[in-house]
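Let us start with two forms of the same protein chain, each given on its own as structure tokens and named structure 1 and structure 2.
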Structure 1
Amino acid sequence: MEELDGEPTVTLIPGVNSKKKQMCFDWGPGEMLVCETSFNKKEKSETEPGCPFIYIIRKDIDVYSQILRKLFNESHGIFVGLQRIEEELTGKSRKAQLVRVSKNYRSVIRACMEEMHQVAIAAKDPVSGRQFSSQVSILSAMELIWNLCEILFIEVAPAGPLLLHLLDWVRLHVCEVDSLLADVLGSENPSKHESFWKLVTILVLQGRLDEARQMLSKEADASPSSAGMCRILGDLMRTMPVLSPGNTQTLTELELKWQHWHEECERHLQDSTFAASPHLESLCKIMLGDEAALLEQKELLNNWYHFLVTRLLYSHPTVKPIDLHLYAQSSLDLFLGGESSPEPLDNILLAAFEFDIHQVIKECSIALSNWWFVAHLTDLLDHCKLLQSHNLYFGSNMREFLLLEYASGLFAHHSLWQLGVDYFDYCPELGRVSLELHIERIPLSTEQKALKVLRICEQRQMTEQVRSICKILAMKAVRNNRLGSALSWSIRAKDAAFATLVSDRFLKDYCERGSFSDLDLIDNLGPAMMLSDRLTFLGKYREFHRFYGEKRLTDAASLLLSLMTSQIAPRSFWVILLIDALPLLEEKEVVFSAEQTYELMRCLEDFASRRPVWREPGVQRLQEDVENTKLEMLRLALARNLGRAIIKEGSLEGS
């Protein structure tokens, strides 16, 4: 895309004087941090108060509007639906479906506009009221542009039906006439109402000739002197050739009939048929497409595109789409008359009439405060195969670029980020990479939110992000001393190092309290216990306790011995394992065989030979004395068990 035509808008930060103070800033995906610094201060002796705040500047503030959030939420469903049905669409059904999608988008815009209008009326604060009214104007402009793009680019209306669509377009967006009509008709004598002729003129300007004729009949009834003129003008309105949707006549036939009708109107004007009534004469001139007469009604036309459509209706009813831009430009010039310059909306509509889609998108991107409009309109036009040739130099097409920008803005919001995920999903080139970058920055403030993020990552096989999120949650759980949750997350992350750390914490707690917490989790580790040696030890050691509790003493003895001989137990835990053997050695029945007892003796001596020797008296020395006592008891128990085991095994062999 081309560079911006104008300078970017300046954002003033309250309390910050960038002329006197050096500013520092840091960019984020959707916002920027700004603060003052003392860097490069020229007058060091001067002490003046600075700004103690750090400011967050967001580029997509519209996502924080409660009403616009409804726009984002509802349009998301339309967007996803369009992507899913795209493959099924062909031929005429495809075009009809795309038009239906476009109308759905417009209905969402209009619903939000009407709600915003009600909020603006109800606003008690004048400043808030002005802000809401401004937003209503923006939404109205968005629907106006979208509707025109729908007519020109999606429906692709040919000459004839094109004008009917443009008339509907104007009538939809110039709706003050309906309230005026109700007001006039509700009066006792409509033809004497102060706005009667204003109403009739507006109806003619909008091509609502049947309603204008009915109003003229009321004037004829109330004023016999003008009844004849009203009847003649009413007949001209009734006989004006119009190409109706169900009519089979060709454009050539329509042009011939229209030319004949036009000559008849001109004849009545030249014959001064309406000379006695300036209002009726003015209406006749309008129906002849007289530019001077039309420009006299500037106030009633409101804008140049209304002037354009009225001018086409009464001068060029069979205008071809290719010629629209010529009439649009001349209508704009005539309407403004050099008194003012075109507004951004005027430039956007002109670009649409010129069938310059890329210019429409560019102008909308500059003029509108968020990416919603251009992202969804571009996506729809891309489905109409109108943007296939326009690729950007940095690797993505226009549709994808705008969808990525819009989705990035959604990720700045605490809940709308979930919508952004689907937009990234439908960007085939850079969507996944962007999603990975943005999803890592979501603050995992609650476990429920973390589970949502995790589910999204798992559905898309984003292995690194899943591991990262699980690690973060495991760390939080450890800090809150929720060891069961921490172990669960570390297993889910497949993080052996962290699983080892949590297992050590479990073993430490056991040493201090004499029992395990979170037994359900440890009892059901299953294959997950193979993640790390320490986790395996934790699971097997708990299994030993379960065997002992169930009086499966032989299984408990074998498991305890394997834990000591396999070298997976931490060295600091050996003394506990050895002491755990004492109750089994003191059982009435021999539990450990002679061979197992020898193995236990070897483990005991191996442990004793590697123990540190405390030379200084103190708590450590006292602990060492206690351990020595326990080990001596263990040696005696092992010796007794060895004798009992040898006698038992010898008697068994003898028998």
Structure 2
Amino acid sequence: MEELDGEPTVTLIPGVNSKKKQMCFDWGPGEMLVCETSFNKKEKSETEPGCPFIYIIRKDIDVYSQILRKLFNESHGIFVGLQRIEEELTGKSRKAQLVRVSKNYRSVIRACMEEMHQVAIAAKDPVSGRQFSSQVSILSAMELIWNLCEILFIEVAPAGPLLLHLLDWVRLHVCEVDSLLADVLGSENPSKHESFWKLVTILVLQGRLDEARQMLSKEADASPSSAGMCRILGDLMRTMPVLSPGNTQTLTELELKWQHWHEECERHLQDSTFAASPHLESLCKIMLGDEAALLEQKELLNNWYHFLVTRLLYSHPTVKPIDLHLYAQSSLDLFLGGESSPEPLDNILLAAFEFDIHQVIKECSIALSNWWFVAHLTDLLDHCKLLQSHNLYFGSNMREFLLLEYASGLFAHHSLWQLGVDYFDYCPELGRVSLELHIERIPLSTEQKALKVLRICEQRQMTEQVRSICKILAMKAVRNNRLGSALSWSIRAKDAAFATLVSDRFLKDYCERGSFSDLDLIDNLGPAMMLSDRLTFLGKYREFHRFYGEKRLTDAASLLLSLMTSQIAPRSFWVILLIDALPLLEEKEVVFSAEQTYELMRCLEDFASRRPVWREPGVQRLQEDVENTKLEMLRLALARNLGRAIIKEGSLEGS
């Protein structure tokens, strides 16, 4: 592991007197909790009131930026799309598709950059304006690095086209040229504009020779004395051999032609053709790739990679990719000239030129505060099959490690957790486990959010998590007295134990109130009734009541009997069931047959012999008395019914 040089930054917690009191802290997945303790540093017993707050410290504030959120959302769509088409990517079109994905990512970064730029300009106070501007420059650096990686690693341009891509890369990142061009052209007398020669020089430095030629022709028109020289230089510009995309020249042909052209330029310089105009002479030197001349234009070049590309354009246009790093290193050294040391961005670009992907990613991870960039770039490069499996401490590869870090960061956000789910899905080794741990900890404030979370779990067959979430929701519902909700959650989780608990509550309510609440729920359970015995009992008992209400007495009677004999009735309910039999026994018609009456009697005696022993003496005796009376009445009614039933069954079927 590399050591970081530089002191860690100190963050002061407002309100906490860190000189006097000690702080305590605890780590979270992406954040830290800090608060003041009552321990003093110096062992003196001071009882000043301390700071009453708990602070949350976040390192990654990018996740909370409004504009960067769009970046996260759009790139999530691109990421998921890439994983999905992975199977279809074969053969020649594969590279083209991957390049397209890379361009998509880049366009998202650019869109974000532009929006942030607008906001930075419109910002009312300078501090936030500065913050936005620095954010813009970070995004611009990210796009620069990504673009270079696209050219070198994804596009894998060979010698020849490589230079064209690098030229495009540089042109894309220097935008003042166009505005300057418009400025100068728009003025009355372009060649007399103060920035005219500056413009022409920049155009030549960027290899935009056609436009440079046009500028020169204006100069030629304006001052006839230099017309001749301008024409010659213009011709040189026109005849510079370049590799155009549709061209079928081979590289050797191009080299040969280029050599001729180069010699011609040298000849003109030797002949002092342009001696009369220092501007034109320096332009010629630039076109010869003269390093000293190029270095004179340091200000216009602005950075070493521009210098590198211009240098390559005019001295080694057919550079091969593997030779790039030599030129890169020397360009950097020449440009900086020992005055300043390379910045992190420079190191990253150098590593890219050296084709050291791991170094690029490592440096980016250190330099950037958010895992977004490295996670997506690494994933894309992995699809290009460029990353060998690089074993980290816990065995997963670098791509997975970075995606896990990024997704964990998303889960720490109150709203972006939904994006994190998809990232975990595409981490084969540790993704599922991480998702299981994270998804249980999402706070569920409304049922709609709970439904979304449950849908995510069910789609991935995470039954444990489904059960635990449903149990939490069911418990909340029970506490809020929403028994129907509680029951529907326990049915969804197929949680028999909880269904039993809720059914017991319903039955308890019935015992206390004498009627059922929430009939709509119990009446419509359907097959879910089978989930737990108690629930089945509840449903059947309600059915019994319905039968009684509809006067279907024989059905009611046999149901009641089966409820008692099938042992699904809870002990505490037996007395109620037996009492319920009373009105049926008192009916004019004989409802219970003799067999059934014998059964009932057996149940009654069973119950009477096994009555629970009450512990409290006072209440107990009263209750016992009431119960005894009821049982006596029952015995009487049963005996009478038995008599009538025997008579009825014994007599001929008459009426």
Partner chain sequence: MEDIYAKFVSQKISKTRWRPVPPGSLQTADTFAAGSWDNEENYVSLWSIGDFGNLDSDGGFEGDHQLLCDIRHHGDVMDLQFFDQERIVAASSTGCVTVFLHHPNNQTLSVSQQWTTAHYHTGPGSPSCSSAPCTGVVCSNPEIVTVGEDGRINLFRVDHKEAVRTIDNADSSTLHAVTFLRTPEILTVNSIGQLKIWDFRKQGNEPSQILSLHPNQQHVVATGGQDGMLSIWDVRQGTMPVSLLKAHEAEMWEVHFHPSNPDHLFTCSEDGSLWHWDASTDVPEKSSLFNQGGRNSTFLSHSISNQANVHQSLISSWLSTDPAKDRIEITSLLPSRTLSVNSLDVLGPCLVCGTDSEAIYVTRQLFS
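C-alpha atoms forming the largest set that superposes within 1.5 Å between two forms make up the rigid core. The first residue in the sequence of structure 1 is number 1, and each one after it adds one. The model shown is predicted, which means the values in this text are computed figures rather than measured ones.
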message = Quick check on the two chains I just loaded: which one is the form predicted alone, 1 or 2?
response = 1
task = Once the core is aligned, please say if the CA of Lys551 is shifted by at least 2 angstroms between structures 1 and 2.
result = yes
request  = Note yes or no: does the Cα of Arg171 move by 2 Å or more between structures 1 and 2 after the core is superposed?
outcome  = no
request  = Could you tell me whether the Cα atom of Ser365 shifts by at least 2 Å between structures 1 and 2 after core superposition?
outcome  = no
inquiry  = Looking at Phe537, what is the CA displacement between structures 1 and 2 after core superposition, in angstrom?
reply    = 3.9
Distance the CA of Ala581 travels between structures 1 and 2 [rigid core superposed, Å] = 5.1
